[in-house]
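Coming up is one lone chain in structure tokens, specifically the form predicted on its own.
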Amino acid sequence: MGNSALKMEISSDWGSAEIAVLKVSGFLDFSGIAMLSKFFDRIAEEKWSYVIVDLVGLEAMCSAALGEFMGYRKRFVERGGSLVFAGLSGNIRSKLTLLGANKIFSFYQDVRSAINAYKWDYKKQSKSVAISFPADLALVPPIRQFASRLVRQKGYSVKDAFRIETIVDEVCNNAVEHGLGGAENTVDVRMSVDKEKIDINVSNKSAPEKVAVLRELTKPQTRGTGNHVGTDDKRGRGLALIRMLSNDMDVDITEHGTTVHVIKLREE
């Protein structure tokens, strides 16, 4: 059987004026470079900056064509974008890896994965999750573990994930201890993660008799005054730890509920 004829087409209806998808199928050898150049000339004219080369139908690619893609990628990086590959078969992926292409290009399973990466890396789009759980201390460990796994899945380091886990643990424990208990009263956790920071909000329903104590605990600690929280006060140490691990923290306390807002910037 002979090689399939080379085919290329561009599509741009992917939810962003900056994204173009170039679908390449068939056999891309040296004779196909002229066609490739024409398509990239069109892409350059349209001023797309992020190009996804969909190789799901590609049967083979010569090293000269790979060199052309490297040159095009440089141009898009200079525009503030990139050129990435998507939909590679196992055979094509292995060959490109042997040629060292994986050190230059990002490989994605499909076009949608490449678009999600674009939104994350270039548009700084955040991912959000909301969890409500009954005010029970026994339920805090799985919440903190989920938070740690979430930030790790989004590319954060082990160190960052450990700090987020500690922050969520302390805030949720305080929410349970100082709020109304019972299955009918929930602690609400909202996390928003982007490439640069994690934004955490934890809310609970206030126990009226604990509001005054909680307000005292959240006042600035000043030695020599009645507002100082001693080192033997576990709750005070918990708040101090949250402040130490986070980049910003504020507490909103009302008769109806308390909300703790924490921002943690990415370190690694």
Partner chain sequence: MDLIFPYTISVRLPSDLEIIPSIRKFVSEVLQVSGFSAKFAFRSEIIIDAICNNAITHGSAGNADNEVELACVIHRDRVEVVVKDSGGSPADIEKLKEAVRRNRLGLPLPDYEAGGMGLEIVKLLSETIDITVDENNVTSIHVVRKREDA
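Computed from a predicted structure; not experimentally measured. Positions refer to the first chain, counted from 1.
There is also a form predicted in complex with its partner chain; it is not shown, and the following applies to it.
Would you please decide whether K197 lies within 4.5 angstroms of its partner chain in the predicted bound form, comparing each non-hydrogen atom pair? Contact check for K197: no, nothing within 4.5 Å of its partner chain in the predicted bound form.
Is there any non-hydrogen atom of S192 lying within 4.5 Å of its partner chain in the predicted bound form? Looking in the predicted bound form, residue contacts with its partner chain do not include S192, since no heavy atom lies within 4.5 Å.
Quick one: does F146 come within 4.5 Å of its partner chain in the predicted bound form, counting heavy atoms only? F146 belongs to the contact set for its partner chain.
4.5 Å heavy atom contact, A135 and its partner chain in the predicted bound form: Yes, contact at 4.5 Å.
Of A175, L83, I164, I115, which residue is found within 4.5 angstroms of its partner chain in the predicted bound form when only non-hydrogen atoms are counted? The residue from A175, L83, I164, I115 that makes the contact is I115.
Would you give me the residues of 105 to 134 that have any heavy atom within 4.5 Å of its partner chain in the predicted bound form, in order from first to last? Q109, D110, R112, S113, I115, N116, K119, Q125, K127, S128, V129, A130, I131, S132, F133, P134 sit within 4.5 Å of the partner.
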